[in-house]
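Coming up, as structure tokens: structure 1 and structure 2, two forms of one and the same protein chain.
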Structure 1
Amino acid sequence: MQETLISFEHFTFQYRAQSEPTLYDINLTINKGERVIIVGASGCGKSTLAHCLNGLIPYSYPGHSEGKLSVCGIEAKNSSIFELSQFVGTVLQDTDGQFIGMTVLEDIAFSLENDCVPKEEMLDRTREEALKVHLLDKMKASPHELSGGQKQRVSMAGVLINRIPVLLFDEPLANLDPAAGKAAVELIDEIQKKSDTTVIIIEHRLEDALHMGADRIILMEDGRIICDTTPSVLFAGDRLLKAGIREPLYITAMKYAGIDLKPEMKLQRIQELELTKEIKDGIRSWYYNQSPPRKAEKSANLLSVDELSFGYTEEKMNLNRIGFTVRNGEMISIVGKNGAGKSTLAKLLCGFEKSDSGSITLKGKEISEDTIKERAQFIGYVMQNPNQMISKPMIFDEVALSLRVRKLSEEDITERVHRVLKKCGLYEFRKWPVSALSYGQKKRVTIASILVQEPEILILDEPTAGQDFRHYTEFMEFLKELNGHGITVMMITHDMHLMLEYTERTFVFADGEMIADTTPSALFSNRELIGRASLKETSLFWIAEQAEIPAEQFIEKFIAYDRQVRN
């Protein structure tokens, strides 16, 4: 008999500012020791569900709820956030907001301090916890000395220290590089196994989260749970795709190859999946039936960078002698470890920071001495966080801002803004306040406000982080279209499949060095490079290897076919 820890019965919740409920009639039980992954399109209510569990709803976000919710035998309605936090430990997505202490030591001890635990005991317990998450040598480090993955582990230690029965993660992987994400998932797995904790993970990167194995996947759509079953059953059907969620790539590949997937095939984890001869043959014959995709021809040089070096402080160089050339109309990805200097490179190109040495040449003209404003006419940079760019409350005004600065006539402005808004799928919203938009839509507003300046090169910093598959596809197709109109696109990303799918060239960064300039598929045939840059292969490689066909061509064909199917 399993012990039930969490149970929702006909639970409905409505935020005070909303005119309709965000969660409808939720029925869900989670037992002790289970591992559950929650997926669903952006805005479907996943975080809202999580907040109900840890008590932030209704204590921090007021609203109206109906039905029953009990957590570890306690009626959530009659409880307090303090009581609930003894049962449910939450690791939030925002690693900086959550790192409250001045140093790792203080942050891990934070909840013990609040419990008035004496100092000696605190020191022992924090040390013990730091050991578990492999941070013992970083106890005195402050947050800005840590990588994204390390901060994530500090947050975990800070929650684990209370020996909590339920661990809740809201998008733990969003900002981590592939290898750090994998390490984080493995750590969660290890902790779960040791202590029999119940683990609930909300994540858009389903395949990465599945690396640790899951007992159940809960699929949400528009505030309802539409599916609650084992991964294998879910993958054998097509509900994920219908809900706009990306399936693990190995599943998609098998489906394309016409293989009839059945729940008994252990589809839940690639490590457990057994490729029978039949499946391998299926994949092989699909592969030989696809014609290879066409390659684009080369064009003129647009931007070249030579021996570029830069350090934020004098002690440490953050970029070392970077050099590359970008041709007109290319679509390039920049990948690599957290903190490798990818965003820094973008800032140097746009003139946000001044390089210490080296040159940047645009269309044959040296631009190192040009101001931010002068470069902005040619190079548009869309930053990682849209909130840092949006400076007007209304969408129209936001996009019109740079035109108004240039003192164009109001008619010209309206015409150009409308054109860009239509291109970005935001025309219907032109009279809305920016605050009413979702994160992904905000990101598109920032792109619109850059596009309106008609740059020739567009640099995007992690355009798809935290976005669901449907919006992701929409968005990337839009970029592809822009690229087709002759805009050169460079994007920084941690998503390996995105890199494979949309870019023909990739720059690989590690610790301030550019260690490769290659094609995405060639990158993956170089194990050493992958390790150094903290990257990870996609499961398509594994499939190709198993089926004994050339991985590079297999992936190229997969992508071409995938695009046909989706459009």
Structure 2
Amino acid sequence: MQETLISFEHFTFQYRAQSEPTLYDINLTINKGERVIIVGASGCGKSTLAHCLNGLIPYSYPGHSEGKLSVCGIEAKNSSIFELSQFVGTVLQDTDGQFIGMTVLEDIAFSLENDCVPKEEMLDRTREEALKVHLLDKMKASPHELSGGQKQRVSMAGVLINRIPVLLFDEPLANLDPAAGKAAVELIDEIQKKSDTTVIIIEHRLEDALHMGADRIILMEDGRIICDTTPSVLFAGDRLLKAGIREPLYITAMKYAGIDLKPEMKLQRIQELELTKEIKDGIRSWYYNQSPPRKAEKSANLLSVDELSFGYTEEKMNLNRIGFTVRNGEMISIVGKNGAGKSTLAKLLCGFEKSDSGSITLKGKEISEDTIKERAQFIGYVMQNPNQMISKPMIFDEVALSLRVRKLSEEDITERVHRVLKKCGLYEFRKWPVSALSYGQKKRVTIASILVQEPEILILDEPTAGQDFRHYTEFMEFLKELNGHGITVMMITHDMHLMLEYTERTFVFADGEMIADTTPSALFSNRELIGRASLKETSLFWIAEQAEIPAEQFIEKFIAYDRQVRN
């Protein structure tokens, strides 16, 4: 008989500041050694459920609860946040907000130091955990100087060192490039197998999270658990789509091809899926019946970059002789591994950093010497971390800030702010404090604060990180609408779905160089390029290979058909 570690019995929770409960009548049991993925639209209660497990509720977020919650045999309401932390270790989405130590060693050893563990034992255990997460050579480095994947591994080691029975991950893949995300999932898989730890993952990138496999997927909607079943059973139906959650692409492709999916087909992971002759024939038939998508007409040049080079230090060039031309009204994705130079390029274009050499030309005018303020009239930039952009306590005031600086009338400001908040899915929160929002919602606030200025070029760094499929789609359709009205959009992204669905051109970066200017479908048909840029093959490529049809054309037709279905 399996040992139960977590048990919710008719559990309801209502925040002190809310008029209605956020969680309703939750009944859930999680056993030792299980791998559980929790999915649902933003605001469905996923994070609240997690906060109940790790003690942040009610100790950091007060409210009223009914029913029963026990964690490793301890009644949660009668314990403390410290006591619960001995059983549930949490790795946050924003790893920078979790660091305590000045070095990796200090950060990993923090809890042992608090427990007054002898120095020799503390160092031995710290090295042991650093070895598990492949960070032994980074012990003296500052956590803030590491890549996104390395930062996450530091956080993992910091909770693993206490040898806790439950690992809770909140959006572990949101800020990682595809290859780093795959490595993170594989590391979680490795740790779980060796320690028999119970793993709970809250994640929007469901297909990527399933790379390690899962025993169950828990689907939440409006504070309730509406489905708790195996991945194969869930994928054979349409519950995910109805709840606004993206299915794995290989599942969607087979459904488009008219294939009747059944749980016994091993749908849970593409590594286990067997494409029978019937399935391959169905995919081939669908492919040959689809017309090639129409190519967009080329427009006039808007932005030109020539031989652009830059280094934060004299010893290392972070960007080396970058060159490209952006046409008016394009929608471009910029991809590559963490640290490849993508965000540095955006800072150079906006004037936050000054290039060492090369030129930037906007509408025929050299702007390399223009100030940040001068460039801001034409180029808007939304940073990856929303906490670095927000300066006002209230949502409305944050979005309205730039318009008030420009001294627009309050009537015009209100109209423009409300219009943008509606498009960004934030209108109902317009009178809320920013601090009450989730990470993904804060991201949308920062995007709205730039969009309200109506720039000609919009550069977004990870625009959809932390957003569920429904809000992702609403927001991307809004960007597409803006793009249709002539605004040029450049998106730095790790989201390969975004790149495939919404951009017809992509710049590929690796180690400070731009190694390709191509189409998304061509990129994902090139294994060498994928490897150099630390990306990950899409499951559509695998299906095309198995069905023996041209991968690039199959991906193009899938994208076009998917847009047609969803619109």
Partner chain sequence: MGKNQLSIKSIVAIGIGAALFFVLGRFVAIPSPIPNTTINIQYAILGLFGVIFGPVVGVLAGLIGHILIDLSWGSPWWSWIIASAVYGLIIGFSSKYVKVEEGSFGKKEIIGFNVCQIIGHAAAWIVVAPVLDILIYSEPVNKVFAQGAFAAISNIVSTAIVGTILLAAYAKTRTGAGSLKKED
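Each form is matched to the other, and the largest set of C-alpha atoms that superpose within 1.5 Å is called the rigid core. Numbering runs along the sequence of structure 1, starting at 1. Note that the structure is a prediction, hence the values are computed from the model and not measured.
- Legend: structure 1 corresponds to the form predicted together with its partner chain, while structure 2 does not.
- Core-superposed comparison between the two structures: the Cα of residue 149 travels less than 2 Å.
- Superposed on the core, the two forms differ at residue 402: its CA moves 2 Å or more between the two structures.
- After superposition on the rigid core, displacement of the C-alpha of residue 272 between the two structures stays below 2 Å.
- Core-aligned Cα shift between the two structures at residue 385: this is 3.5 Å.
- Core superposition places the Cα of residue 424 5.8 Å apart between the two structures.
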